[in-house]
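We begin with a single chain expressed as structure tokens, specifically the form predicted on its own.
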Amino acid sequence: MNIIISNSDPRPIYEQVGEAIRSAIVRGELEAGEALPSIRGLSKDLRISVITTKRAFEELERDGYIETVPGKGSFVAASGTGLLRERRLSEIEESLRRALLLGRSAGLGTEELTEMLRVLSEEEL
């Protein structure tokens, strides 16, 4: 798992860490039951505060992405990895719906919006 933290990213560091782990789970890079690095170990590797890493893990657990077993560590949640992916797909659909409405209000057609998405996608690669 590769976590990159950017000082130029406007999101807090704990959100960047949480999003990196969340994305790895949704993409299947981390499988159900797989152990995550310890909070202390990850903090050391990323050169960030233990408190920051702990907050990221707490939010991941609250959202159902990971489970923490006292004395053993944190693991990818065994139940619901498919549900997590569905939740992400739903978020994507809603974002695309908002983009479509915004584009339509600006007088853009489906072809123009599709082209914008294609160009943005290529820029990301």
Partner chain sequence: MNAIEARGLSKKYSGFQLRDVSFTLPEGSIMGLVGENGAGKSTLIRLIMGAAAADSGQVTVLGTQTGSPKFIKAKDDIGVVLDEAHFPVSLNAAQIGHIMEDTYSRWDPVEYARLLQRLDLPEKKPIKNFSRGMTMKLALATALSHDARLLVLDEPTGGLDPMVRDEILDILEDFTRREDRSVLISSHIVSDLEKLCDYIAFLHKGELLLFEEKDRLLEEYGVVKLSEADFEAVPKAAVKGARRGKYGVEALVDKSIAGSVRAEKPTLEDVIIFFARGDRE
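Residue numbers count along the first chain shown, from 1. Every value quoted in this text rests on a predicted model; they were computed, and no experiment measured them.
In what follows, reference is made to the form predicted in complex with the partner chain, a form of this protein that is not presented.
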Which one, 89-97, 24-32, 37-45, 61-69, holds residues whose non-hydrogen atoms are within 4.5 Å of the partner chain in the model of the complex? 37-45
Decide whether residue 7 counts as a contact residue for the partner chain in the model of the complex under a heavy atom distance cut-off of 4.5 Å. yes
Would residue 52 count as touching the partner chain in the model of the complex under a 4.5 Å heavy atom rule? yes
Is residue 104 close enough to the partner chain in the model of the complex to count, meaning some heavy atom within 4.5 Å? no
In the model of the complex, does residue 108 come within 4.5 Å of the partner chain, counting heavy atoms only? no
